[in-house]
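The chain below stands alone, shown as structure tokens; this is the form predicted on its own.
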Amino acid sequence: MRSLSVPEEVARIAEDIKTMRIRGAGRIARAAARALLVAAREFRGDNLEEFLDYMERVAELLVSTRPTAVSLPNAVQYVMRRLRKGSYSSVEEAKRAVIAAAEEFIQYSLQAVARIGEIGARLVRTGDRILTHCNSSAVESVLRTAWRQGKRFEVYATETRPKFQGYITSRDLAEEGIPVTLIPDATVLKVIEEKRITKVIVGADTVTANGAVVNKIGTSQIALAARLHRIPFIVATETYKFSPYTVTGQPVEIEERDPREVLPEPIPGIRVRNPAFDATPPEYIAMIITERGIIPPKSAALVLWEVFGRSPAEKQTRISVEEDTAS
């Protein structure tokens, strides 16, 4: 394969996704769509085959940046589907198709977050004490919408080590005027017991066909604590984070990040593990809020069927979002 030369903005987006300067599965997906748009717009030349090859290599670069959040390959495939399935007579025509698909995805993603906020706000009650983990646009949308509806509640946000995404959540909620308390991850059980948490609401990086939720490391422990105290554990996420690849049993790769995020200065004789995500089993999850409505985890396969246009029972080695007919 020839070396890939991409516009500076595309290279920067790819690097920002890889290094987590762009965080959150939804933001990552929109950034990837934006990168494809920029790549198409900035291509110079009139050879259609060269353009198609160039876009495939840009798509491969973007997908390689983060292995776990399925929103990234789903966003890339959504845009590339238009290019792969179309019949174009010129580079300019193909460019327009890529740009239109990228803009459609970004708009749909933003609308999905807003819709999740509207649906999820119905579950929030005045007097609630809500625990959240990491940083999720969908969760923030739920809380912000409920607050603007006049409901009054308080939020406890974990720091979310080692990258401290909880700082972002706390800042965003505080700016909205929502009472928020930032807590170390290790205090979750104590806070649940002492503060009488009424709900846990978290986002998702991937939802599997059996309803398990892959999210920031530490999520499954919070779910276990919530289950112990009979507290509803709720997930808020867009349907493009449901993984079609898991229908036939393909496992979700859990990203293992740089040990220096945990221990900046290595100490001889000490090894460091830094998995970025974990999986929460469906039986720990009360419900999943999507832009299409609220579903039980066991209905994840039906969502995949609806969104990706395939029966969960159909056997194939890999289902691609290229076959999406829903959005």
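Quantities reported herein were computed from a predicted structural model and do not represent experimental measurements. One rule holds for the numbers: they count along the sequence shown, beginning at 1.
As for the form predicted in complex with ribulose-1,5-diphosphate (RUB), it is not shown, yet the points below apply to it.
A residue is said to contact a partner when one of its heavy atoms sits within 4.5 Å of a partner heavy atom; Ala11 fails this definition for ribulose-1,5-diphosphate (RUB) in the model of the complex, lying far away. ribulose-1,5-diphosphate (RUB) is not shown here, and in the model of the complex it never comes within 4.5 Å of any heavy atom of Pro244. Although the partner is absent here, Arg23 lies within 4.5 Å of ribulose-1,5-diphosphate (RUB) in the model of the complex, judged by heavy atoms. Shown alone here, Thr239 lies farther than 4.5 Å from ribulose-1,5-diphosphate (RUB) in the model of the complex, counting heavy atoms only.
Segments offered: 118-126, 147-155, 186-194, 132-140. Contacting ribulose-1,5-diphosphate (RUB) in the model of the complex at heavy atom distances within 4.5 Å is 132-140. Taking ribulose-1,5-diphosphate (RUB) as it sits in the model of the complex, the stretch 265-292 comes within 4.5 angstroms of it through a non-hydrogen atom at just one residue, Phe277.
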